[in-house]
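Starting off, we have a lone chain in the form predicted on its own, written out as C-alpha cells.
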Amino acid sequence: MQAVDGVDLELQPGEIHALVGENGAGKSTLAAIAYGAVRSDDGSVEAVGVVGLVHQHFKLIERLRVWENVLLNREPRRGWAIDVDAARERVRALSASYGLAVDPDALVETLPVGIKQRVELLRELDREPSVLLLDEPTASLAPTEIASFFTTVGDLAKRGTAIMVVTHKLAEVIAYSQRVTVMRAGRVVASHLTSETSADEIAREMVGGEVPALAARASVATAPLLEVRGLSARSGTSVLDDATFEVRAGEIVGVAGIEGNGQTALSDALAGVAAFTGELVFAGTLLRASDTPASRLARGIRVIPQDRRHEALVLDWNVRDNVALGRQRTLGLAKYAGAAREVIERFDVRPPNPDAIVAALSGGNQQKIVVGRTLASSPKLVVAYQPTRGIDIGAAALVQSRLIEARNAGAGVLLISFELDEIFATADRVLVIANGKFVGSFDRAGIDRGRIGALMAGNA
C-alpha cells in the first residue's frame, strides 16, 4: 500500500486547514512531501514563499541549547563570531511575541516533551514561513496552553500565512480550523468547510464507521497495591514534593495537571530511574531508591513512558524485537514470534508485519507497540504516562479500553495525562498536581471539571 496515493490538497493564505485521519493514513508523509523532506513518486507541490514544518518527532540537536537550535545556521554575528547575547535576545523576543515561553540557555536534552515542541515551533517561526505545516502540534500541550497556542496560530493566519494542522483532536478541528480534509489508507476520503460538518461525522470518516465504545468497567474488589508516603523526587527539571497517595488493585487513578509540574519525577521514581526520598510500598514490600528498573519489572511494575522514541523503542529494530524488549529471558524462542503477533492483533498495529522496522511506522503505531508490550505481560501496576499521545481517536479508544481491561483484571493503573477528557473517561479517582504537589482528590462520581481546572492552574 502506498503511504500517499493520488492526494489533491490546496492551502489558502489566511486559512487554518486541518488534516485528520487514522494512524498510518499518510498525513505525516504528505506533510513531509509538501515540505520537501520526502520525495514523491508522482505529482507536484507548488508553494509561494518559504514552507515551514514542525515535526511530530522533533528534529532537534539534543546537546545544543535552545537558542542554538532555534537559530541554527541563522545566528546573528559580530564579525566572524556568533553574537551570543543578540541570539539569546532574539529568541526571548520571538518566544514572547508568540506566547511560547522558553529559556534560551536551556539544554534541549533536559527539557520535557512539551517545551521541546515549543523550540521546534520557534525555529520555524523565526524563518517567517508563508506556509506552515504543523504535525500534531498540541500533542504535549496542556488544555490551558492549547487555546493560547491556537491564538498564536490564528494571528499567523491573519498575517496571511497558510497553515495546515495535522491532528487527531477533533475538538480542536471544530474550534479552530476553517477547512478539514480527511485521509484514510493514503487517500483523501472527504473534505469540508469546518462550519458545515461535525466531530462525529469526521470521526466516522476517519475510521470508516462508528468509533468503538470503551470497555465496560467491571466491579473489582480492591486493596491498596501502591502506597506512596511523603515522596519527593527530581528528574531533570521536574520536581515532585511530598506526595502521598495510594493506588488500589483494580483501580485507575488519574493524575491531572499541566505539563512540567512534577509528573516526570513521579513516573521516573516509580520506574526506578530517579532518586527519591519518602516511602514507596508496593504489594506490601518497601521499594528503595537503589532498586534497579529490572527489579521493578520483576515485581510486576510496568511503565509506558512519555517519550516513546527515546525511552521505549529501539527504532532500528523490527516490531518483533521491540515487543520482546525487557522480556527476552521470560519469552524464550518458542513464544518470541507469537508475542509480536498478539500485540499486532490486539492493538491493530499497521502494517501487521512483525518484520517491519519500527522507525518506518507512524507515531501512533509506534505507541500501540509500546502500550501493547506493556500490557501483554499481565502487569500488577501500570504507570501510563500520556498513553494516547499522538494517536487517532479510534486507536485512543482502543488503548483506553485495554487499560480498563487491565484494571478489570486486577491491575492498578496510574494514568498521567494532560488530556482531561481521557482522565475523566477512564479514571476511578482523579488526583490534581500543581507546582510539584498534589492539591486535590476527586472520586469518579464527584469529578468537577471547573474545580479541577482551577487547581491545575494553581488556584486553590
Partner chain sequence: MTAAFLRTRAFRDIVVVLVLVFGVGSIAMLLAHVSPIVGFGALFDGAWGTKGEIAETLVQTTNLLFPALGIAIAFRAGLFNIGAEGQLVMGGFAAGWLGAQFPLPGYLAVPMVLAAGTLAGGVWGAIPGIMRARFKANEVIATLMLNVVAILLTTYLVTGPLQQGGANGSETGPLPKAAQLTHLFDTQLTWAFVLALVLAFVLRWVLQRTIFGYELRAAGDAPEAAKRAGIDLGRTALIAMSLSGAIAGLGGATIVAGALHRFNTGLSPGYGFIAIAVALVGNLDPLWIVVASVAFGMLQSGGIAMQAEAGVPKEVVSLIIGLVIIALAGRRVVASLRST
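Positions refer to the first chain, counted from 1. Just so it is clear, the structure is predicted and the values come from calculations on it, not from any experiment.
Not pictured, yet referred to below: the form predicted in complex with its partner chain.
Novice: Which residue, E136, E251, E120, D268, has a heavy atom that falls within 4.5 Å of its partner chain in the predicted complex?
Specialist: Looking at the other structure, the residue within range turns out to be D268.
Novice: Going by heavy atom distances of 4.5 angstroms or less, which of A294, A223, A360, A275 would be at the interface with its partner chain in the predicted complex?
Specialist: Looking at the other structure, the residue within range turns out to be A294.
Novice: Would you mind picking out the stretch of 326 to 334, 255 to 263, 347 to 355, 198 to 206 that comes within 4.5 angstroms of its partner chain in the predicted complex, counting non-hydrogen atoms?
Specialist: Flagged stretch: 326 to 334.
Novice: Using a 4.5 angstroms cut-off on non-hydrogen atoms, would L375 count as touching its partner chain in the predicted complex?
Specialist: It does not: once its partner chain is placed as it appears in the predicted complex, L375 has no heavy atom within 4.5 Å of it.
Novice: Is V314 a contact residue for its partner chain in the predicted complex, using a 4.5 Å heavy atom cut-off?
Specialist: Because a heavy atom of V314 falls inside 4.5 Å of its partner chain in the predicted complex, the answer is yes.
Novice: Quick check on H310: any heavy atom within 4.5 Å of its partner chain in the predicted complex?
Specialist: Yes, H310 sits close enough to its partner chain in the predicted complex that at least one of its heavy atoms falls within 4.5 Å.
Novice: Is P104 close to its partner chain in the predicted complex, meaning a heavy atom pair under 4.5 Å apart or at it?
Specialist: Output for P104 is no: heavy atoms all beyond 4.5 Å of its partner chain.
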